[in-house]
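Presented as structure tokens, the chain that follows is alone, the form predicted on its own.
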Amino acid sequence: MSQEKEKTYVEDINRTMYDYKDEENDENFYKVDAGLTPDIVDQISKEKNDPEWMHEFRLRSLEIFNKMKMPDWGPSISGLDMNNIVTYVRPKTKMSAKWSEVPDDIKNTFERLGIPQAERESLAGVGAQYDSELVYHNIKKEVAEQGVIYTDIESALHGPYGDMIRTHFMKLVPPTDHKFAALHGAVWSGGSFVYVPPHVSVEIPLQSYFRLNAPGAGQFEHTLIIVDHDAYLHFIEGCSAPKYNIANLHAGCVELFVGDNAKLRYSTIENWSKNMYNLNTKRAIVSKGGTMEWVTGSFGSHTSYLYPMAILNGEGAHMEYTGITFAGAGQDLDTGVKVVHNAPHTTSVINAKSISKSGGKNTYRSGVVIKPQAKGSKSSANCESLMLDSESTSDTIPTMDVRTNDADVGHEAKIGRISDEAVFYLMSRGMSEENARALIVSGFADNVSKELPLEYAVEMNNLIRLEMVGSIG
């Protein structure tokens, strides 16, 4: 009698849901030429119906981009040739607030990724971006009735919040910050605008999901969130792209403004394909008594430069960072966090973890700055790295710039491998070696999972298990 092969949890998960791709043809999609010229920037600006100040801002950003050098202090990005990157691709469809009105091919992609289901079950509002444009945006009636604004940023730019956007747009991350911030300023497209009024607590999360479908394209969405004083918001960002054999680029920008005694949690699960250069910039400024929480799970991408930053600008402001990065074969991920203590009695807590396998490279890079005026401030950083084989590498590069004697700063780093004793124990309980190692790695990532909503914690644990398949060698 033939015995049916026992199915495992790992085998039941199908990674191909992320690799599904739509064929993009001229009938259904509009795109600019590859490369970066003033004419292309003009073309994008015209497509976006920019106000004149934004058109001028784009052209100034392009000038800055052309004058700045490529970063040369982190992983190599020599495989990224901007002459081959298409900076704007959009489906020929208008954004809709009704799921039924989204074109079937795009709808099917997001259905596969579970976006409508997640919206129905546990989210207050959803924005779905496909390549360079949002194709769907919706917010629950009871949240809108609280005065919460959640819309695509282009619509907000032309509406009653246009002046607010002009006041805040790329003020935290100016185009002069680095070369890819300048690139973003020139060609940004899509993204979300959120405003939470004073004393309003949004009890269920808002979500944006970014899907890059086009090969050889870039995605440059801009997310701008303002949480006014004594308000609360949890915002979730999901990202994915299918596999291609040519480089794709993600150079989005996230700017977060946290008011007095307000709290913002920003959660991200990034599952880019292994041909992606992820050069995203995220920054928050936190006023008196405010709290900024980052929760990050970073999977996929060929190369990453990713360092969420918080500027603690008011007395008693607080930042927490909880993140995990998983680097496999062919991946070089340079990630971490930055915090600037700019006021008295500010506090920060950093818990960063990384996992490397099959020759993957992980670099944890952090910057803690305590200014002279930040007396009585405290910062604690903990970095743990797990290497699953002898080919993988993990490096920790923390920097601390402390300009006052009245501060308490600590940093702890641990680098190690999976314990053979622990694997042996689990195998003695009937587990396969692969499942035993996957379970240990999931446990290592547990503190990040606990900080995510249930469906995202499940997705992250599934991704970890999928990355573990074939890791024994």
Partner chain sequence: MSNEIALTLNQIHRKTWYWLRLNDIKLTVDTDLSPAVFKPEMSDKVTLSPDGFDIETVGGCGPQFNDLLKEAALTPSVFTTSGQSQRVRLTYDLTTNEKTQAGQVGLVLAENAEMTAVMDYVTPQEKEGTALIQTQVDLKAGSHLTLVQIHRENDQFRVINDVKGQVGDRALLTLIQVVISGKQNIIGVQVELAGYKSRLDIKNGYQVLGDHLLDMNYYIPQTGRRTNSNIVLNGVLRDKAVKNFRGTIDFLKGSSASKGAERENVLLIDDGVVNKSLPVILCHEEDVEGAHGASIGKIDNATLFYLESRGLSEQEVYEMLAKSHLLSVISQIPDPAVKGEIKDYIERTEE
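Residue numbers count along the first chain shown, from 1. Since this is a predicted model, take the numbers as computed values, not measurements.
Separately, the form predicted in complex with its partner chain exists; it is not shown, and the next lines address it.
Heavy atoms, 4.5 Å, its partner chain in the predicted complex: which of 394-402, 251-259, 266-274, 142-150 makes the cut? Say which one.
Among the listed stretches, the partner-contacting one is 394-402.
Could you spot which one of Glu52, Asp33, Asp39, Glu412 gets a heavy atom to within 4.5 Å of its partner chain in the predicted complex?
After the contact test, the surviving option is Glu412.
Work out which of Val349, Val369, Met82, Ile204 lies within 4.5 Å of its partner chain in the predicted complex, going by heavy atoms.
Contact residue from the list: Val369.
Would Ile226 count as touching its partner chain in the predicted complex under a 4.5 Å heavy atom rule?
Taking the distances in the predicted complex, the answer for Ile226 is no, it never comes within 4.5 Å of its partner chain.
Within a 4.5 Å heavy atom cut-off, is Tyr232 in contact with its partner chain in the predicted complex?
Because no heavy atom of Tyr232 falls inside 4.5 Å of its partner chain in the predicted complex, the answer is no.
At the 4.5 Å heavy atom threshold, is Leu62 in contact with its partner chain in the predicted complex?
No, no contact at 4.5 Å.
Although its partner chain is absent from this view, report whether Thr363 comes within 4.5 Å of it in the predicted complex, heavy atoms only.
Heavy-atom contact with its partner chain at 4.5 Å: present for Thr363.
Can you name the residues of 326-363 that have a heavy atom within 4.5 Å of its partner chain in the predicted complex?
Going through 326-363 in order - heavy atoms within 4.5 Å of its partner chain in the predicted complex - the hits are Asp334, Val337, Lys338, Thr363.
Given that the CA-CA distance for Glu421 and Ser358 shifts by 3 Å or more in the predicted complex, does it become closer or farther?
Compared with the shown chain, Glu421-Ser358 is farther in the predicted complex.
Do Ala381 and Asp420 move together or apart in the predicted complex, judged by C-alpha distance changing 3 Å or more?
Relative to the displayed form, Ala381 and Asp420 draw closer in the predicted complex - a change of at least 3 Å between their C-alphas.
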